[in-house]
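A lone chain, given as structure tokens: the form predicted on its own.
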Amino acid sequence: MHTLHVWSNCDMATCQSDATDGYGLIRDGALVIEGETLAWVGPRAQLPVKYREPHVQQHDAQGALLTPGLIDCHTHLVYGGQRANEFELRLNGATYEEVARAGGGIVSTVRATREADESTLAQQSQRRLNALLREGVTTVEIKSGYGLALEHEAKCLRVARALGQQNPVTVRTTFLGAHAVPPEFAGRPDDYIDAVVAMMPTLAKEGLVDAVDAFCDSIGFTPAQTERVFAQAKRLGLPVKLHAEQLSDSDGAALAARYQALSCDHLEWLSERGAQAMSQTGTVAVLLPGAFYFLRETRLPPINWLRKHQVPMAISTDCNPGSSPCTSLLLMLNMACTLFRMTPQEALLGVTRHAAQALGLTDRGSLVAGQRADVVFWDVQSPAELCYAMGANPRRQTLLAGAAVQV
């Protein structure tokens, strides 16, 4: 029988689905953990008598605000090298073509990732993961997509799996072989899609893939090429996600919805038709303000259409070397509010309940009895403070499945 732990003297943003205030805020609350699970959540005055008995471990939360563990549902965390040199070149006047001729762009990351062994990739990725853990992240999705060959995609996915096994965090892995055309397939994207489709059974058999993603856009892959990847995922029983409508409207969201995609991500060029299609299948819109900021985009995602059609909105770092070298999910909360004009309630749901939905996880994302006991204690008075302050980290403590996290 599990020991019962009661945390009281706290406020809680439960992020429950029927919350009328958006936060599910409970003032002067209490939370009961049994093993890895939340057994009871509510106002302290209503705490059942059985949780006040002498054998129950009582804990003082010292006035903290409690939220669900944060979920970073779209990252490219495992990659080799860095691209600060390209950043510098561009700001000193180099054109995109000049940077590319100098070996820059995604090709440079592919080269560095292929050259790195698993130990090197793990060390580099661990530092990035540590930054997320220090801000209360308890679940993170990690995509491949910088190997672009079976050997190197498998290497990156093994590193991602190992990070989840060696750290107090859940890691969900996503195969993004259809991220870009590698140099050896230059000018032959259809042939490369053949290769991507051929990689998938091997990676799935090795237990390295939780979902499949693709980049469907003007500089990525066509809807027809993307559908070939999705069809293979369906044959393998793997859910799909999609980088969609970032640079143009390729109608990728509607395609993804036809395959009951977990999420469509970026979406600056999303049409209302695409939003309607996502709404009908429960596909989550994952918005990535870090990439919007870093690329100095000017076209905002259509938040009003997403609201109108009640499409769940998630927020993520999109941690990657080329367009969002960011490891702060708290900063993304602020950017979602300031750049995209999301409300603090929407932003917090975007890194909790809706982010869990974007990963197909139903056992986390809210502080509700029966959910996994992933809880963050914050030194703030109101949930809005998590979105308000730039560069602040008020995390006091994290519990992962009921156990205290050391980071």
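On a predicted model such as this, the values are computed, not experimentally measured, just so you know. Start at 1 with the first residue shown and count on from there.
The form predicted in complex with a small molecule exists for this protein as well; it is not shown, and the discussion that follows is about that form.
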| property | result |
| --- | --- |
| Contact residue in the model of the complex, from G322, P312, P182, G80 (heavy atom within 4.5 Å of the small molecule) | G322 |
| One residue of Q246, T75, T138, T283 in contact with the small molecule, assessed in the model of the complex (non-hydrogen atom, 4.5 angstroms) | Q246 |
| Heavy atom contact within 4.5 Å of the small molecule in the model of the complex, the stretch among 252-260, 113-121, 230-238, 314-322 | 314-322 |
| Residue contact check: F215 to the small molecule in the model of the complex, 4.5 Å heavy atom | yes |
| 4.5 Å heavy atom contact, A211 and the small molecule in the model of the complex | no |
| I106 within 4.5 Å of the small molecule in the model of the complex, heavy atoms | yes |
| F175 within 4.5 Å of the small molecule in the model of the complex, heavy atoms | no |
